[in-house]
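There is one chain below, alone, in structure tokens, taken in the form predicted on its own.
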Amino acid sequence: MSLAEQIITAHSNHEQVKPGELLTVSIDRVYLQDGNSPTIRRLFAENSFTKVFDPSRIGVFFDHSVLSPDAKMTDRLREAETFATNLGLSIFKAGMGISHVVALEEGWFEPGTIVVGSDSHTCTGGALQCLALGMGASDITTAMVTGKTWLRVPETVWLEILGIPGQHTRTKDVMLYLLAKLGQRPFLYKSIEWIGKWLNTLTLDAVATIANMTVELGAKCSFLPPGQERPDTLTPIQQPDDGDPRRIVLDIEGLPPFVAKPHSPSNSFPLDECRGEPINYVFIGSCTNSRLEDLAEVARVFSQEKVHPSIHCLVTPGSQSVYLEALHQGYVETLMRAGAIVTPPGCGACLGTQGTIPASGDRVLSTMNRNFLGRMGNPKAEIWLASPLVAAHTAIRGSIPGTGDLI
């Protein structure tokens, strides 16, 4: 059985499951975020729900609106906090960080478990071989009350990575290349099991970026093999036969960095094809690239030069833990002295409800996972996507660099 099938079987009353089956499974943890907590609270009230299956295994993260922009939003946050307190749920207050980043740090994504969250990027848990699923408010409400959820057992594809990418290529670049080359069609509602020697050389921070963008591929879930800083799984990922039609091969030998142009992550091109494109706002953060490894790389670049005068540069750490360690290591001082604005941990500018909202006509280079039209709050702005390394160099140049410009 595939890893998805193994985990689903262990959480159902079936001895074996197969792709396409509709099943009810028990879940290990649930978490929700402040953005949709009011909707979930309303569903509880409408259905007279007053208890949850296990308060200790349900968390509420205040990450989407860390710095509330108006009284209406603040009222919604207070409502969500009261709701969570009355149910006895674990509360992760504003400033503690992004749900997916903190969940990874706190050990909520245990190998072989099922975790559901009210945000599409819950799939980040695949970095630790957890079946982590993003769901809507109705399904999350049901999961909170019953400790169960329903799902269709996904088909599995094995994505084999061959070769080693170029010196300045990061996992974000590999994901942008994958989206540009293959798109979503091979992965829709599939479980992806990643295989290949290169993957075992990656840190947890790097692998989390891959798992985080599973939903951009249209997949149900993904599982990364154990590597640096990652625990062994219950059952190793099985190598498919060469002739297995479910095996997809991606050759990344010498792959250069990639940049996604507006308005889709799949609209991606090699960095050198974008060299010289003017940018006036750089955002480094989001649940994709806001971890310590990301900030360390940005600080390394910023230690050489200052942010270009024409660039508004915003850096948002993914969690309080990341922020504190970045302070300890001197990264935050380096970023600020170079001219960047460092904000409290959270989703920050990614979702477009709080600063900095780009101005009309702005060109934003971001380390986020999505660059859909209007994503950051202004449909008259352009959003480009890249790795933290490329974003840092863009900030000091005022335009997108070429591969030869990277250090």
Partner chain sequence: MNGIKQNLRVRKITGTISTDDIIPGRYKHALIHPADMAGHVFENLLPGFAQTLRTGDVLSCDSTFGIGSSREQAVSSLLAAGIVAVFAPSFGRIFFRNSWNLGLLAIEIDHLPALEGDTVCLDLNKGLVIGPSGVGCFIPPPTEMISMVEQGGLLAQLRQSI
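This structure is a prediction, so every number in the text was calculated from the model and none was measured. Residue numbers count along the first chain shown, from 1.
Beyond what is shown, the protein has a form predicted in complex with its partner chain; the following relates to that form.
The partner is absent here, but in the predicted bound form a heavy atom of 146, alone among 334, 146, 203, 267, sits within 4.5 Å of its partner chain. Just one of 305, 79, 293, 273 comes within 4.5 Å of its partner chain in the predicted bound form, counting any heavy atom, and that one is 79. Residues within 4.5 angstroms of its partner chain in the predicted bound form, judged by any non-hydrogen atom, belong to 127-135 and to none of the other stretches in 127-135, 87-95, 162-170, 317-325.
The three marked residues, 250, 363 and 366, fail to reach its partner chain in the predicted bound form, with no heavy atom of any inside 4.5 Å. Residue contact with its partner chain in the predicted bound form: residue 53 places no heavy atom within 4.5 Å of it. Among heavy atoms of residue 343, none comes within 4.5 Å of its partner chain in the predicted bound form. Residue contact check for residue 29: none of its heavy atoms lie within 4.5 Å of its partner chain in the predicted bound form. By the criterion of a heavy atom within 4.5 Å, residue 72 is counted among the residues contacting its partner chain in the predicted bound form. Residues of 42-70 that come within 4.5 Å of its partner chain in the predicted bound form, judged by any heavy atom, are 42, 43, 47, 49, 64, 65 in sequence order.
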